[in-house]
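The chain below stands alone and is given as structure tokens, in the form predicted on its own.
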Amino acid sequence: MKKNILIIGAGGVAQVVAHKCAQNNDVLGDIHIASRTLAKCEAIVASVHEKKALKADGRIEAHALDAMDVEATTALIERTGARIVINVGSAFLNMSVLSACLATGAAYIDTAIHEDPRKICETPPWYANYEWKRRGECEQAGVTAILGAGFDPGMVNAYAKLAHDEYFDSIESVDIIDINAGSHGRYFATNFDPEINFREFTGQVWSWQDGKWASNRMFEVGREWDLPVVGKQKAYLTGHDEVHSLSQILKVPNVRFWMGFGDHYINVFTVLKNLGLLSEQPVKTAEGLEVVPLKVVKAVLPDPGSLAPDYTGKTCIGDLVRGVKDGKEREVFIYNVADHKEAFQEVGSQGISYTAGVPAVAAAMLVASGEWDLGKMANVEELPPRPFLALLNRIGLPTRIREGEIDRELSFS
């Protein structure tokens, strides 16, 4: 059994992870939080104490760390005795943090695919560009590495696996739909790191259609979805991590990701992009200063964590799965609804951070218990979905299923 957690990152998702680890520290042990900005880590520690979140007596400590420095990360893992590392820092860190886990034998969990800061929208499948190249290293070292254990990717991968195993004999399509029907009250902001957020949308939109990769422009393909709780919402075909693993692992002929955007977001995004302000390539100012436009935009936008106190409304995220069961066509929508205000009251973060962070803690608990401690690399859809979803039902993200007129909560007992 593995114990003691090192959380990499100190944003809104890290805050959720810290609180949920504290609520389950009888299973997970000591908690350590590390990022380049020590004050942010200390603020998270203070918030855990303020809400009296620790279930049992135990340590929760903050550390300064540049996680791009593999030697420093390795040393911190060894010094803290962490056996599970939850990486919720920038997606640029994945390979460095994984290297430190390989050096120490600690289990690795992340919530997003690795990105090279110098490249946008690489050739699919994206996991094959970095993470999957290191499968052999993980297996040889006996290191567990759980990839994409957030909500999307993460819970939606488990939903697809559950549908594949229990609801269908064959699946024709998986449409992952992500709707944030909440409001933060700001003129313009992103719900997580603006740099990562915008990078998702400035390149090609890759989807898996008819057994091959298809490319579109962002906001080129949209449609209205009628969903539980949030009602009718416009969403657009968008490139996303889970498309790149589900298409290859479950062998479904059509895997698409749809994200909801309002007209105001699209207008502001379009202006920024057309002005070149979303470029990741450096430019020189008239004064001879070299700056990256995207980083400048990130610097002037609100910190996503600052949105939480005023956020209202709900999210609805799930998988619309179509296929055949017992010779008959079938369609199910497996989903979760989360509330921004409830998330803030519980852990001090908004609902987007909550949905991303809670599944990573569930994955850590399954690694700690041994159920998901594989000694190799795996995406979530390669793992048994029932223990994961059952645990999530208990710790804050219950799963529901809608089929025809019937809409009910799923039990995994």
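Nothing here was measured: the structure is a model prediction, and the numbers come from that model. Position 1 is the first residue in the sequence shown; the rest follow in order. For the two forms, the rigid core is made up of the largest set of C-alpha atoms that agree within 1.5 Å on superposition.
Below: the form predicted together with a further copy of the same chain, not depicted.
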- Query: Should Glu287 be classed as touching a further copy of the same chain in the model of the complex when contacts are defined as heavy atoms within 4.5 Å?
  - Reply: yes
- Would you check, heavy atoms only and a 4.5 Å threshold, whether Pro124 touches a further copy of the same chain in the model of the complex? no
- Using the partner position in the model of the complex, report whether Arg217 sits within 4.5 Å of a further copy of the same chain, counting heavy atoms only. no
- Task: May I ask you to state whether Trp213 is within 4.5 Å of a further copy of the same chain in the model of the complex, using heavy atom distances?
- Result: no
- Task: Could you tell me which of 175 to 183, 268 to 276, 203 to 211, 331 to 339 sits within 4.5 Å of a further copy of the same chain in the model of the complex, going by non-hydrogen atoms?
- Result: 268 to 276
- Message: By the heavy atom within 4.5 Å rule, which residue out of Ile196, Ala75, Ala128, Val291 makes contact with a further copy of the same chain in the model of the complex?
- Response: Val291
- Sequence order please: the residues of 294 to 319 with a heavy atom within 4.5 Å of a further copy of the same chain in the model of the complex. Lys295, Val296, Val297, Lys298, Ala299, Val300, Leu301
- Query: Pro228: with the rigid core matched between this form and the one not shown, does its Cα shift 2 Å or more?
  - Reply: no
- Core-aligned C-alpha movement of Thr270 between this form and the one not shown, 2 Å or more: no
- Message: Given a superposition on the rigid core, I'd like a yes or no on whether Glu280 shifts its C-alpha by 2 Å or more between this form and the one not shown.
- Response: yes
